[in-house]
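To begin, one chain is listed below as structure tokens, in the form predicted alone.
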Amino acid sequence: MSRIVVLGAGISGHTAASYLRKLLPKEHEVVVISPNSKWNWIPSNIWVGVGEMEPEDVTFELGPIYKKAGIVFKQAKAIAIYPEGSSTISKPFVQIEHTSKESFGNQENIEYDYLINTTGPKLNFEATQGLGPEKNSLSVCSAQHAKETAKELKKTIETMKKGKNAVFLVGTGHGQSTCQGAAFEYAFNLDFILKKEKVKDKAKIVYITNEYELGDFGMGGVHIKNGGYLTHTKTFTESLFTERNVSWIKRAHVYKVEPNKAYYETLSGNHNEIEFDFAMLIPPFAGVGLKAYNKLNEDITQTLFVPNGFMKVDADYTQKPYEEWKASDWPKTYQNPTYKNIFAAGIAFAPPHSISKPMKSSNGTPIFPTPPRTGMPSAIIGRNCALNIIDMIKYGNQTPKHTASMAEIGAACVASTGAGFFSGTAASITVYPIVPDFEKYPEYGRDLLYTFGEIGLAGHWIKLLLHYGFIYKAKLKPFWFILPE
């Protein structure tokens, strides 16, 4: 009998646990450890953040689902990994601390045969002074954050209906933030809601971003086919914002947020400030701070993790100039190179380098997006980690065969406004591969047959379909496995 422990129950971890339980015989145990009791379909947090949905529409309790499926669930956060065991415990184990009301603060050691780290990120609001929902800006990174954002948006709109003008600042709250797509979609939805509430004439929406050009999205920008023409996402995004009278500040590192005022540095080294009435700013991400110890209780955190806390996998982490970066640097199996029974998926794995070109201001401040690894790719990677462990258990395969390099898989991003069937519109982009491969596709780095963008109601319907389809799949309802990741 093997025990497989999955740290985290987000899109990647939940997908991995679901496949492990479905495909492994019952004598093997699947354990999920997550500090949160609920699963969250994070892409729809945008709709919660503008009041089009409630948190209950995008979350559900994990306990009953896992109990029915035969998955052991522990509401707890992982503190440390002991991949060799310890002086008193012979098997590898994870030290956890419970977060449920009943067992809050209690610590426990969970032994494992295989481990998948899908803890997701720490929302690193502390990296920017004054950033975050508990300070001077808002967020949509969790359902609860999004609910608070919707509440503040409603208050702001009420003042506008009484005649007040308002400045909305939306974007990234640090020079190293990721998830530009979420910020872009929120700005898109904000425009929709303000028009719906008939106060758009009193609003000024400003998009602030660490991207060198709009439409970078942490992927270095993309050439897409649109309406029979080849267009760069810079043009695509600028056109959408211009049509909606959204102005933008790019190449910006927000370093301080005060009540109603944000301070930022640009790549040129200038320091500026902007006043706002409402600010939704995405924080940078970091690892969750897991420690690691060997059998002698010596700290080996640097063996398992890179300095920002993300886990090392089968990537090429050799430091080299941007011009020498290759698609083949990116991990394929997500297996830790030192401990072969450990895998990492989703945001938890350490990318070998950024996808966007690194930039520094004249003051030496890094200002460029970090790589996105959420949504569709994180689910695919989580599934493949599960399949490789299943092969190791069932067939003794010690060399993983299932691969999901971000340089070999595609992704779809749909920024959709409104949650109604006929009232929305969407900007949709599909990209293949996510990480450009200039050896295989020398001209643009990507296969233009599968890289395209569209604007319209059809994309909105797809986003609605994805919302309901993925929640159905995540609830492990009949034939859930037929739906793709």
Partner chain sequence: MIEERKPYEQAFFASKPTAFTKFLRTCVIWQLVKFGIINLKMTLMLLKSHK
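Numbering follows the first chain given and starts at 1. Just so you know, these numbers come straight off a predicted model, no measurement behind them.
Form predicted together with its partner chain: not shown, discussed below.
In the predicted bound form, its partner chain sits within 4.5 Å of a heavy atom of Tyr432.
Its partner chain is not shown here, but in the predicted bound form it comes within 4.5 Å of a heavy atom of Trp248. Put simply, Asp447 is close to its partner chain in the predicted bound form: some heavy atom of it is within 4.5 Å. Contact between Trp461 and its partner chain in the predicted bound form is found at the 4.5 Å heavy atom cutoff. Exactly one listed residue, out of Lys295, His271, Lys202, Lys147, brings a non-hydrogen atom to within 4.5 Å of its partner chain in the predicted bound form: Lys202. Put simply, of Val72, Ala80, Met359, Ala412 only one has a heavy atom within 4.5 Å of its partner chain in the predicted bound form, and it is Ala412. Heavy atoms within 4.5 Å of its partner chain in the predicted bound form are found in exactly one of 46 to 54, 451 to 459, 27 to 35, 64 to 72, that being 451 to 459. Contact residues in stretch 366 to 380 (any heavy atom within 4.5 Å of its partner chain, taken in the predicted bound form) are Met376, Ile380.
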